[in-house]
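As structure tokens, one chain now follows by itself in the form predicted on its own.
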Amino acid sequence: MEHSKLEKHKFKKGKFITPWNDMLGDIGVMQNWALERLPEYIWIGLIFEEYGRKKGLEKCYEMITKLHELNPEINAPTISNILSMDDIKQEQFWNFVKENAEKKVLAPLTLIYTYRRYKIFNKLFRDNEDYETKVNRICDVLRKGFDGHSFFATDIRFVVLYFVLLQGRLHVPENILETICEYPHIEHKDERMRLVRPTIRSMEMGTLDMGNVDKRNLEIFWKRISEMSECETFYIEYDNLAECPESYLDFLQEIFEYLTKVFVSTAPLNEKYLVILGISTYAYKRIKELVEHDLYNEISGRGIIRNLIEDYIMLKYLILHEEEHQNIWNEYQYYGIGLYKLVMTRERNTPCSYKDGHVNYRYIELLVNEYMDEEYINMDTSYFDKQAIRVKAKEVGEEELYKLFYDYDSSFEHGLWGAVRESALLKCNSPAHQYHCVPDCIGIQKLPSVWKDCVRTMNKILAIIDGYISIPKQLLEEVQKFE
């Protein structure tokens, strides 16, 4: 299935709307093939699994023709529909199936449809094959058919569509009918199938009204098959990609020791240099934490690279707009101190109920009043300079960093579901469990390493500094080698 590009989406009220959903609106909620329809057609899947495509299509054609003869009013060849027919018709149909397919083919379904509730079906297909083999055969069909676009699933969907055509409930143009009838006679590797398969799938999708389906049957199916099988959890392994990270830190330390000496000896009161070195030293301490605590593949590592990117964008933004402000470097400092003041003031109004919390409100008070009485410090709750980081990134030509990295890493900082899913949940590889997720309570799922991106971003920050306080060329060349 070809995926639509971002520019094809419609941006409405803060959302990127897919072309498909934009066209269909509220009626575009699709029925779920794997969870809602595949279990209903599992009996067809078992026939294909046993006899293969060519022979399976032949046998299914005979069976759905017989079903049509017995019950012309039935809306779809779902197993719940068949099991709901009167006893005489049901027995006639299942006997016909048994005559055209070996008993063992549908025997696995006797585990789901037990004698207590489904006497006719269970009596006809129950055999002595071992329990585990039966469960595995159902799981094999689910695995092959779970993706509604797979060849296997499309074969099942063709049988369903053909049955609806037999019933006369679906009327299609002659050219489309010819395409459908051509399907059984073309191999999947045939180039023509690239056009035929999507036609089969799209038309089958509208054949079954899930409102008329026996939801109880679906509940029984998934409950029983999930209870009969074990979770098969797996996780992805990632390398940390860090080669000699301690050496990189050693070079960074040399650079910042040098910069500090230059600042202290030549421009200790220069606010511009103070902000540049303050932000970059903060970035250095973050990457130092990354190395010292081995956070390359951890959730916390995402917070570090996100912060490095924001530090870098902010530095470029401050420099870009320096001429427009009387003292943007001073404004930036008091913007941050104003946010500290806001926290401090809130705590004064409503003292914190948590004892021994991590926020030292008295120390914050000292910082707020460090250079100016707090009564003269405003508290601006908007973005610095009224521009969100997204806008700042665009202005300084770093949209790629924002769109492809910062936005992604922000999901981890905010605990959004994408980040939760990637980092805190394992995948179960069992179709019987609907490939569900399992909490990673032992912490074995790591994440791709942030090391290379941290190094690249830190080196970009150093390049900015080098434009104002020259860094020894040899040291710059050494850190660049780590990219």
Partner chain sequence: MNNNYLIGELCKIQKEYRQLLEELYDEKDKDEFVYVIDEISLFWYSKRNVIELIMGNISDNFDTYLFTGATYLDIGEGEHYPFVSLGKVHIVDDPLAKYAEAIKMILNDSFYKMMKKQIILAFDDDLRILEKCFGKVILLPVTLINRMEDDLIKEGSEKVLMSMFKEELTVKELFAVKSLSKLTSMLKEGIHKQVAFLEGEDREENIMIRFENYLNETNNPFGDMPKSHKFLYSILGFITQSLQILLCATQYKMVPYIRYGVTFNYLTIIGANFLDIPFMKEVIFKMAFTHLFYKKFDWELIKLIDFKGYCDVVGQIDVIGQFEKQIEKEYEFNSKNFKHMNCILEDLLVKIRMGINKYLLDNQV
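Numbering follows the first chain given and starts at 1. Because the structure is predicted, anything quoted here is derived from the model rather than measured. For the two forms, the rigid core is made up of the largest set of C-alpha atoms that agree within 1.5 Å on superposition.
Another form, the form predicted in complex with the partner chain, is not on view; read the next lines as being about it.
Among residues of the shown chain, Lys403 is not one whose heavy atoms approach the partner chain to within 4.5 Å in the predicted complex. Although the partner is absent here, Arg346 sits far enough away that none of its heavy atoms falls within 4.5 Å of the partner chain in the predicted complex.
Although the partner is absent here, Arg362 sits far enough away that none of its heavy atoms falls within 4.5 Å of the partner chain in the predicted complex.
At the 4.5 Å threshold, heavy atoms of Thr114 reach the partner chain in the predicted complex. Though the partner chain is absent from this view, in the predicted complex it lies within 4.5 Å of a heavy atom of just one residue from His185, His325, Lys119, His149, which is Lys119. None of Val275, Met228, Leu342, Leu83 but one reaches within 4.5 angstroms of the partner chain in the predicted complex through a heavy atom, and that residue is Met228. Of the stretches 253-261, 105-113, 390-398, 317-325, only 105-113 has residues with a heavy atom within 4.5 Å of the partner chain in the predicted complex. Contact annotation for the candidate site: Lys123, Arg126 and Glu132 all lie close to the partner chain in the predicted complex (heavy atom within 4.5 Å). After superposition on the rigid core, displacement of the C-alpha of Leu124 between this form and the one not shown amounts to 2 Å or more. A movement of the C-alpha atom of Gln333 falling short of 2 angstroms is seen between this form and the one not shown when the two forms are aligned on their rigid core. Superposition of the core reveals a Cα shift of less than 2 Å for Ile299 between this form and the one not shown.
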